[in-house]
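One chain comes next, on its own, written out as structure tokens in the form predicted alone.
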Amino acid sequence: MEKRGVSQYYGFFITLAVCLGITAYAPSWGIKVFTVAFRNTLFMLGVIPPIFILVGLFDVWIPRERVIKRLGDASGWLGIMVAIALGAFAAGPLYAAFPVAEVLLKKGVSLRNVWVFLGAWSTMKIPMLLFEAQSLGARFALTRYAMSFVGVLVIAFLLERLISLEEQNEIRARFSL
């Protein structure tokens, strides 16, 4: 297990010092800062545990062979479409996608499909499409969605080409079982 030192917490301590400085300079702003931080912490505590439970169940209940067949290196366009569907129908903020992506990597999902999944989670959520269609019009929403689809695919394929095979194998080795 990796030894963790104080240095990994520098960002936290610097942020805390800035927040305390704001509080000393303008107490009303400081109260707002700490109120927002507290609310965000409570929100994250409401989101992260269920995500970890679902990820754990996925890890235990779904066999690796089944995942590799649908999302592995040889899955082709079917794997890409499954990865897009997983990301587009997912719920929750983007930071919840990373534990899911880690389990996908451990299950043998291709790096390209993991990148597609993360891209779809961040830009192609169905509720966002419906909100945009209602607020900004169907034409805008569908155009943005189509451009997101193309962008996610282009980025995933570019990453696959630009990252050397050695680096890809290094990433896979970090998450192999």
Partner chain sequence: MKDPSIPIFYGLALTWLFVSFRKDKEKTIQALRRAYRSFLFILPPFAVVILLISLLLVFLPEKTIVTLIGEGSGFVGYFIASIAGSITLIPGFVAFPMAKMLLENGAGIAQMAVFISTLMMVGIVTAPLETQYFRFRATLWRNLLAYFYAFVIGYIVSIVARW
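Residue numbers count along the first chain shown, from 1. Just so it is clear, the structure is predicted and the values come from calculations on it, not from any experiment. The term rigid core refers to the most C-alpha atoms you can superpose between the two forms while keeping them within 1.5 Å.
What comes next is about the form predicted together with its partner chain, which is not displayed.
Even though its partner chain is not shown here, does residue 70 get within 4.5 Å of it in the predicted bound form, heavy atoms only? Answer no; every heavy atom of residue 70 is more than 4.5 Å from its partner chain in the predicted bound form.
How about residue 165: is it within 4.5 Å of its partner chain in the predicted bound form, going by heavy atoms? Heavy-atom contact with its partner chain at 4.5 Å: absent for residue 165.
Residue-level question: is residue 65 within 4.5 Å of its partner chain in the predicted bound form, judged on heavy atoms? Outside the cut-off, so no.
Even though its partner chain is not shown here, does residue 25 get within 4.5 Å of it in the predicted bound form, heavy atoms only? Residue 25: no, not in contact with its partner chain in the predicted bound form.
Who in 102-118 is close to its partner chain in the predicted bound form, meaning a heavy atom within 4.5 Å? If the 4.5 Å heavy-atom criterion is applied to its partner chain in the predicted bound form, 102-118 yields 102, 105, 106, 111, 114, 115, 118.
With both forms fitted on the core, check whether the Cα of residue 159 differs by 2 Å or more between the shown form and the other one. No, its C-alpha moves less than 2 Å.
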